[in-house]
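What follows is a single chain, given as structure tokens, in the form predicted on its own.
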């Protein structure tokens, strides 16, 4: 069973885990996340020593290497403040995957404590802070992709609640909405043909709904779907949830 236990929110100060993909490719997602949280009155702290959540090694079966990374993360994100992650995948690694690989380790309590403080962005906004609606407008048809790592968590419904409350935004319905995009981290490297076929099928269903933009809470899914579409010569616009929320805010302030 997926471990989704959370510590109660007692203040409005968080630590931002920006993820490797923000660092390498999606710096604007990190910036948008900060803007969104600050709009809600949250003080955002960025621990400079952060690296990776340890998921690539965990998924690849090298739990020894993954534990080293997780131990560094525990030290880097010390304290009691919630840790907010603009990635369902990395958040799930901290509150579920890391706990699994530390079950027989003496430092399990510290790892589990960090997991209970870790929130995916939409889950934190809706279920941590109790914010159910979002201001501003975003006149577009949006196909929302539910990342696999958010299954069994409140993140998908939280994201849909926020998107559905934005004026002018229409949520597109498309076939096999719960299916994987095919990325799967190291899976896409080990099994590229299967990974591409899964992504192509996902794009086929999404395109049938004729969306203006594909939105996800996970940058890895955005990167995979956007890359496949560009390779086909039929590019699609992909945005992270944080970017849509940030852009809607701009209209509210105009």
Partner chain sequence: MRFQPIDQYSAGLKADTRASVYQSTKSTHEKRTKLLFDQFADPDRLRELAGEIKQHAIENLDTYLPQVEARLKANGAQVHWAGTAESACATVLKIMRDRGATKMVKAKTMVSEEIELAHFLEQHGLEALETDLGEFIVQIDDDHPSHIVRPIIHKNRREIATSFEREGLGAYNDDPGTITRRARHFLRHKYLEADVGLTGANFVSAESGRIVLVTNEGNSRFCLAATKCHIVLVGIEKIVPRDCDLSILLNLLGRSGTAQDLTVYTEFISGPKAPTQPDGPEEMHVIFVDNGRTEVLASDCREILRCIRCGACLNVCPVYRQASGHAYRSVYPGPVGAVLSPLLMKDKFPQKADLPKASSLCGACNEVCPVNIPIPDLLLRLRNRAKEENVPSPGTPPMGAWALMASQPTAWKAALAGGKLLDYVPTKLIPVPALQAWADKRALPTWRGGEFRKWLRQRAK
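All figures in this text were calculated on a predicted structure; none of them were measured in a lab. Residue numbers count along the first chain shown, from 1.
In what follows, reference is made to the form predicted in complex with its partner chain, a form of this protein that is not presented.
Though its partner chain is absent from this view, in the predicted bound form it lies within 4.5 Å of a heavy atom of just one residue from 228, 215, 206, 37, which is 228. Shown alone, this chain has one stretch from 133-141, 155-163, 93-101, 106-114 that lies within 4.5 Å of its partner chain in the predicted bound form by heavy atoms: 93-101.
In the predicted bound form, its partner chain stays beyond 4.5 Å of every heavy atom belonging to residue 145.
In the predicted bound form, its partner chain sits beyond 4.5 Å of every heavy atom of residue 128. Proximity of residue 14 to its partner chain in the predicted bound form falls outside the 4.5 Å heavy atom cutoff. Heavy atoms of residue 74 never reach within 4.5 Å of its partner chain in the predicted bound form, leaving it off the interface. Counting a residue when any of its non-hydrogen atoms is within 4.5 Å of its partner chain in the predicted bound form, the hits in 185-207 run 186, 187, 188, 189, 190, 191, 192, 193, 194, 195, 196, 197, 198, 201, 205.
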